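So this first bit is one chain, no partners, the form predicted on its own, shown in structure tokens.
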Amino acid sequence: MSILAVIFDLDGVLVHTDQYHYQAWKRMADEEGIVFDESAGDRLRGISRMESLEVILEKSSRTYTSEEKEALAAKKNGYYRELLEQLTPADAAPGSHEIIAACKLQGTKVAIGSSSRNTPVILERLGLTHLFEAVADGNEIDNSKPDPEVFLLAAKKLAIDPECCIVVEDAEAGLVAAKRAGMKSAAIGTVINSPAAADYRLHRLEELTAVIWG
């Protein structure tokens, strides 16, 4: 069946804010006296803020109440949003504007499917908000990836059947979510070497044109 829509993950696909996330989590962890390094940071890729916090707290010498966890997550997000103020349109990933423009030229709809609650802020800082027919993000869902909820919501907003959508993802959780949603998937970044089953593997965003239109 023809691909009628592309659903892009945001972080790691259209923009690379991984280092911002790492710096914010690192600052929070250091303040709590919790060991946190790059290897731990890799485990946070594609999962929600609270799930990320639980991973970090595995190294803690104490237990935290639900209220304390919420406060820590909010503190990290505050640090992260401070760092996002540095973002400009020049920080969009290479090929982002070109592939979105190509989709629009061909009549293929484009959407965002991200678990991040900061999606609106990031899109605004990048100057990309107006380019998407639909945005589904962490502010609207109950279940983060690998649950397919965010991708199914994006498809619903586009009024496109899931089987006619392709997801572009840089995280294993996102690839699993795409499969559970009944969508095609294209892996980009380090996840192309992941055992998670992607239908396509991209070394550059521009390679998506060959996947969609041959």
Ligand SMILES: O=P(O)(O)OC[C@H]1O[C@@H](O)[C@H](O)[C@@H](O)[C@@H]1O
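One rule holds for the numbers: they count along the sequence shown, beginning at 1. These numbers come from a predicted model, not from an experiment.
Form predicted together with this ligand: not shown, discussed below.
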item	value
Residue (of I34, I166, L44, I188) lying close to this ligand in the model of the complex, criterion heavy atoms within 4.5 Å	L44
Option touching this ligand, based on a heavy atom within 4.5 Å in the model of the complex, out of K179, K26, K157, R49	R49
Candidate stretches 104 to 112, 88 to 96, 126 to 134, 70 to 78 - the one whose heavy atoms come within 4.5 Å of this ligand in the model of the complex	70 to 78
In the model of the complex, residues of 98 to 132 near this ligand [heavy atom within 4.5 Å]	S114, S115, S116, R117, N118
